[in-house]
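Listed next as structure tokens is one chain, alone, in the form predicted on its own.
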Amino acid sequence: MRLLIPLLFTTTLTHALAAPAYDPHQAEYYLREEIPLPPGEVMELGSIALMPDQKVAVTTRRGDLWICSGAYEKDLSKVTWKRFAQGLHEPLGMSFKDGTFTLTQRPEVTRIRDSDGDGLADTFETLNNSWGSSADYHEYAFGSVPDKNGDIWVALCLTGSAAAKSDWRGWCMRITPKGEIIPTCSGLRSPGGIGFNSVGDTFYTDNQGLWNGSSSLKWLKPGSFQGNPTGNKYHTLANLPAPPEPADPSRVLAERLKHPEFIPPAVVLPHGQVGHSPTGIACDMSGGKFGPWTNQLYLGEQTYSQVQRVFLEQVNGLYQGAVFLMLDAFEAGLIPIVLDQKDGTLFTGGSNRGWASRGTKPFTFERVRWTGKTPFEILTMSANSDGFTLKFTEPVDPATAGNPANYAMKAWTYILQHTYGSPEVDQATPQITKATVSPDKTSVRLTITGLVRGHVHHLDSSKITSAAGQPLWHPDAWYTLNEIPK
């Protein structure tokens, strides 16, 4: 993750912050509001947890745990804060249940309670601290909420983003409710967030860098290798089989075909087109309270101060899918994002310390609510053996949507290599030969020649309008085609 890396990559950063300006139409669909923070406090948020009675807990990068009341109120001037705990070590992941907070700190997973009822934490229990941690700024530990078994998934960043000087760095671990540690996946580089989809499978966001040509959303399938061999050596700590050692340079497709345990990125986030530093993950299981995006994922973005939307599907046993731009203009770089599934409120927070963001404030805590008006968007993009099927949020204009000349597609991949990142390589131009509009006009099947397995496929639909004559709010989609359906 690059939100705390010193500003060494000036050219890249300048390009990031020069990205297109905020769309003023956003407020028609989503209301973004800044929640007042405690006066005089540095509130660089690292995690957010929902509590009973519409209270919201947050942790800060400086080690405080605060509880906010009034974050759901129409009048946000009524917000109040109470500091619950201090002295934590950069907690990046938190949940609350039955009076107990479970936090993932840099060196451990911790349970925290208020045992005497005075409103302040007084019981701190180390659940597990079996991984290594040093003074290196980059050795973050991102923790999930409990999964269906009660396990906490912890994604461990590398040392300095390029080495593994502390035990288990570059691995994902599961911590059971009894405090046992289960080494689960290898090959991680620089996680920025971790979470689950609607069926309980685990994903994390990894940042561009060594062995990562571009940032991406990755599936943490137990036993998998995620592509970066830097931390492979720690398999000996648990007598596990050695993870793969990919060729340098190579391609993800070539290496995963050699090594079945190498799970490719589910969705690549093309660098400079879909942000620079992906972070938190939230799944929409709100039943339509945040719009029509049922079971899709929302991803935080630190550098661009955005929330992006991801549609996933499984083809031949692998996850793949499309990413779409969604929400913009947050006040700082986003790190945690949490969706209240019952209320439909999305809470976000973050910081721009060390790695600048498009949002100009040093830190932020914000909420987003759907106005009830649905934008004209591509709802889903599904792969076929001979193209893609697009579903839309409302009927399309057949004259524009049924004309294949109104779509454009290009495809590319990245070099899998030890050096930092990769340019877009192996470019291709798939040809859209037919666009068939469904009888109800809510979907279009694109027939395409020249699909490329293992490539990102960028679709430009900017010439498509709805039956009411409206353009797409976000006309671009980036689909990672790990497998072509039979």
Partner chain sequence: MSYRHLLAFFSLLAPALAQDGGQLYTLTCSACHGADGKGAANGTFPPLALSPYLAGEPDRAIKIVLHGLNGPVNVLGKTYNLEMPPQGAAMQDENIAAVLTYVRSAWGNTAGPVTADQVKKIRAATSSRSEHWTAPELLKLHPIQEIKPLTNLLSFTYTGNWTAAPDFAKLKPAAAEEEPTGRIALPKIKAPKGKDVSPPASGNLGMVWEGTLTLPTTGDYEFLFGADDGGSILLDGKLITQITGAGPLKGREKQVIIPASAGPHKFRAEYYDLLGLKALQIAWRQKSQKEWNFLTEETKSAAKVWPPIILKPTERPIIYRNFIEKTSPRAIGVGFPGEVNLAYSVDNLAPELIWTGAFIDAGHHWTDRGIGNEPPAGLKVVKLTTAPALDKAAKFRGYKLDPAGNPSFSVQFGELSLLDGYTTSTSSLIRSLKVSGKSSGSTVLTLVDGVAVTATGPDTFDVGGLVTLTAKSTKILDGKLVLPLVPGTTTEIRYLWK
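Quick caveat: nothing in here was measured; it's all calculated off a predicted structure. Positions refer to the first chain, counted from 1.
The following text describes the form predicted together with the partner chain, which does not appear among the structures shown.
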If we take heavy atoms and a 4.5 Å cut-off, which stretch out of 354-362, 286-294, 338-346, 223-231 is in contact with the partner chain in the predicted complex? 354-362
Does the partner chain come within 4.5 Å of a heavy atom in each of F124, N129 and G421 in the predicted complex? yes
I need to confirm a contact call. Of T100, N403, N384, S134, which residue comes within 4.5 Å of the partner chain in the predicted complex, counting heavy atoms only? S134
None of I378, C185, L88, L327 but one has a heavy atom within 4.5 Å of the partner chain in the predicted complex; the exception is L88
Is there a heavy atom of P146 lying 4.5 Å or less from a heavy atom of the partner chain in the predicted complex? no
Would you check, heavy atoms only and a 4.5 Å threshold, whether W168 touches the partner chain in the predicted complex? no
Taking heavy atoms only, is T279 within 4.5 angstroms of the partner chain in the predicted complex? no
Partner contact for D201 in the predicted complex: the partner chain, 4.5 angstroms, heavy atom: no
Taking heavy atoms and a 4.5 Å limit, what residues of 301-315 are near the partner chain in the predicted complex? T303, Y304
